[in-house]
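Next comes just one chain, in structure tokens: the form predicted on its own.
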């Protein structure tokens, strides 16, 4: 069986891809028609709360977009700080990454809002939720970026220094382009996880998508019909992100 894994991966024929997509669409369509046909009255009840789903989905989009930007900045800063020769900065970054990665997100959300934010008198649930989610994801992104930086060969650093590049220029023109190519797949997975992790913010009363689905379920007693749109809405956020990252990965691979 080893020869099956030793062969280089070949792209599937176009007709095979099309046939597979058509078959899957047919199966999914049949399943959806069957589900709708056996529970039409419950779907009508859920449809009355479509505005609740829309508002929750838009809140999730806003939270995820803000957290994606902040977590990337936190992760990049922590990854560079861990490589700093200034020991207080280096070990502060190590403490941040290892502590956050060792704690569950639910604890961080509860402690961040009901503990730290409450003591500071900061009652903005949305802002606290975005910050906690960004810090949590940033710790994992920091490790992804750090691993990418350390995978660059020493000769790259020496060559950059030999032609007179500063440290900032070395990162900008030599290191980070190579890191981007190597870290795109794990970063895409982390970004998707961040969007899904935003569902835990409902525990502090943020009216995001999961909280909206729970409200609809409580009002209609239609559990299946309330939570199926929840999964579809999350897929509408994570699948485009995954596809965009794959296209970006292919473009970076071509350019390099």
Partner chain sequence: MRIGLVNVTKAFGANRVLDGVSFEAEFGHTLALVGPSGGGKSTLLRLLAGLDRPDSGGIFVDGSELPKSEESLRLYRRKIGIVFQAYNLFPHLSARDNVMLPLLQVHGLSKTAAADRAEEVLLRFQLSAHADKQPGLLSGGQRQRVAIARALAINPKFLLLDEPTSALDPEMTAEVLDVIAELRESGRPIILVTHEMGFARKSADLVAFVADGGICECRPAEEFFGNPASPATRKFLEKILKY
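Residue numbers count along the first chain shown, from 1. All values derive from a computational prediction rather than experimental measurement.
Unshown form predicted together with its partner chain; subsequent notes refer to it.
> Does residue 178 make contact with its partner chain in the predicted complex, using a 4.5 Å heavy atom cut-off?
Answer yes; at least one heavy atom of residue 178 falls within 4.5 Å of its partner chain in the predicted complex.
> Mark residue 164 yes when one of its heavy atoms lies within 4.5 Å of a heavy atom of its partner chain in the predicted complex, and no otherwise.
The answer is yes: residue 164 has a heavy atom within 4.5 Å of its partner chain.
> Find out whether any non-hydrogen atom of residue 169 is located within 4.5 angstroms of its partner chain in the predicted complex, and reply yes or no.
Judged by the heavy-atom cut-off of 4.5 Å, residue 169 is in contact with its partner chain in the predicted complex.
> Heavy atoms within 4.5 Å of its partner chain in the predicted complex: does residue 98 have any?
Close contact is absent here: in the predicted complex, residue 98 is far from its partner chain, nothing within 4.5 Å, heavy atoms only.
> Name the stretch: of 128-136, 100-108, 75-83, 154-162, exactly one has residues whose heavy atoms fall within 4.5 Å of its partner chain in the predicted complex.
Partner-contacting stretch among the options: 154-162.
> Scan 149, 94, 174, 184 and let me know which has any heavy atom within 4.5 Å of its partner chain in the predicted complex.
Going through each option in turn, the one that passes is 174.
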